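One chain follows as structure tokens, the form predicted on its own.
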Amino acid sequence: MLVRLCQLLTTAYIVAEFINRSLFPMFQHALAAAKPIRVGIIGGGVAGSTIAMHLSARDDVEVTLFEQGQSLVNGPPICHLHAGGNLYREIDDQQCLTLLQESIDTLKLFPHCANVRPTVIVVPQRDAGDVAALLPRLQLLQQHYQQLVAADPSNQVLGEPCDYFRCYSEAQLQQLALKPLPAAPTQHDDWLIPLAKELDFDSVKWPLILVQEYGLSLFRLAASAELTLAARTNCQVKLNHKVTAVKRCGGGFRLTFGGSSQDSVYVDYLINACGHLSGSVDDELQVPAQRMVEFKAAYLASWAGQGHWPEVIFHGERGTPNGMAQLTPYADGLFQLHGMTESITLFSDGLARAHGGSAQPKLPLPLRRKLKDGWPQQLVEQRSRAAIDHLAVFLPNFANANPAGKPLYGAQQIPGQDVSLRAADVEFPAPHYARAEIVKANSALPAAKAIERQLFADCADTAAAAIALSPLQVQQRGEQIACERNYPAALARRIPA
């Protein structure tokens, strides 16, 4: 009996040891695989918010998003979707094709953020450019859009492919100038009527080109991100929390952050979405990088009673007194103005490059003060009036417009050394570390998808990153955000489609 008992105990020991050595590691691996990946995102701008939206659509991720400001998506002025990059003659065709695809994907993710009106491209008489030189690129973009729609009908978010662009002669605009302003535009010609009535025909080359490039509402985008992330149980959004230290810890990172007190959290994977301050995180982690930072501003003007306008782009050579002029319409007669000159949108010392072993470019102190403390009112008036005068060269009656509030301003990062770069998304410079390097807002979603592909081998093209939000819900919260930031609520209102 005793011998039999010893045999049973020996057998039990062998079985237990087999389970411990052979099967238990398998169970541990299965448990580890089931445990969500903890992702930390520093920066709640358009890049960080979009990445958080995309990753938190998965159940196997826990996201913590840190934003030192009081709300999400607060940074350089956003007003244009860039569905084809037609504002920039200097960029190559591939960047334009990339921006077109990214714009389509962005409208799918943020369906309530588009201001659905066309953009008119104008080459001034004073400019050395030729209208005919723009047509081959537009034809390429139209063909690509047609192919994208043929491959997936849901890609038709920029109108009919056959209407992607259209040319208007001087005679056509003269006829449109005789028509009354429509109560609400229903076709392309209707959008051209206000421009035809105000344009100095002798100041431009013909034809004008209408393109189906829409506006993008910064404040409705911020509202969409906020409302979506608030509904995600696996995403913590820490507003008014600045990350003060980033340290390697095992295979991940220890982030020290503070609101009223200092705290820390461990994450398996870190995403640097700090925008123009991305280099500060790189420096803490001793990750070298080349980048530039550019300070830019756009201005607000009120010009009531002028009908429903398209966006109008007057091409010009960047940085010269005749730099590009951009008129972006919003609700209630409000316009956002860019003038790519050093007296308006650009600044003589506004482009900084990383140097001296640091990855963080350093803007001059006066511009850093503007970022932190705002602008003196005299400078707001001066530059707003300069922007109005810049547009009045082509639209004489626009000289009667009035400054309508503080500028939209911020610092934009540009990875590398090419100041004309417009299509950029993400880099992976170290293990478990991604650096979002978007230049335009619609590059945020490709960055999110690239990070997901690195994290998960099984990732699909996730179209479920957005949740069902109503247009009214998004607009109302967008108006609140605009007012909280001391901007007119009209910047968040939809304009007629």
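Quantities reported herein were computed from a predicted structural model and do not represent experimental measurements. Each residue number is its position in the shown sequence, starting from 1.
Not pictured, yet referred to below: the form predicted in complex with a small molecule.
Chemist: From the list 37, 57, 450, 439, which entry has a heavy atom within 4.5 Å of the small molecule in the model of the complex?
Modeler: Result of the distance check: 439.
Chemist: Between 86, 413, 228, 115, only one gets a heavy atom within 4.5 angstroms of the small molecule in the model of the complex; which residue is that?
Modeler: That would be 413.
Chemist: May I ask you to state whether residue 390 is within 4.5 Å of the small molecule in the model of the complex, using heavy atom distances?
Modeler: Residue 390: no, not in contact with the small molecule in the model of the complex.
Chemist: At 4.5 Å between heavy atoms, is residue 271 in contact with the small molecule in the model of the complex?
Modeler: Answer no; every heavy atom of residue 271 is more than 4.5 Å from the small molecule in the model of the complex.
Chemist: Please tell me whether any heavy atom belonging to residue 79 falls inside 4.5 Å of a heavy atom of the small molecule, as the geometry stands in the model of the complex.
Modeler: Close contact exists here: in the model of the complex, residue 79 approaches the small molecule to within 4.5 Å, heavy atoms only.
Chemist: Indicate whether residue 297 is a 4.5 Å heavy atom neighbour of the small molecule in the model of the complex.
Modeler: Residue 297 belongs to the contact set for the small molecule.
Chemist: Heavy atoms within 4.5 Å of the small molecule in the model of the complex: which stretch among 241 to 249, 118 to 126, 131 to 139, 382 to 390?
Modeler: Of the stretches listed, the one contacting the partner is 241 to 249.
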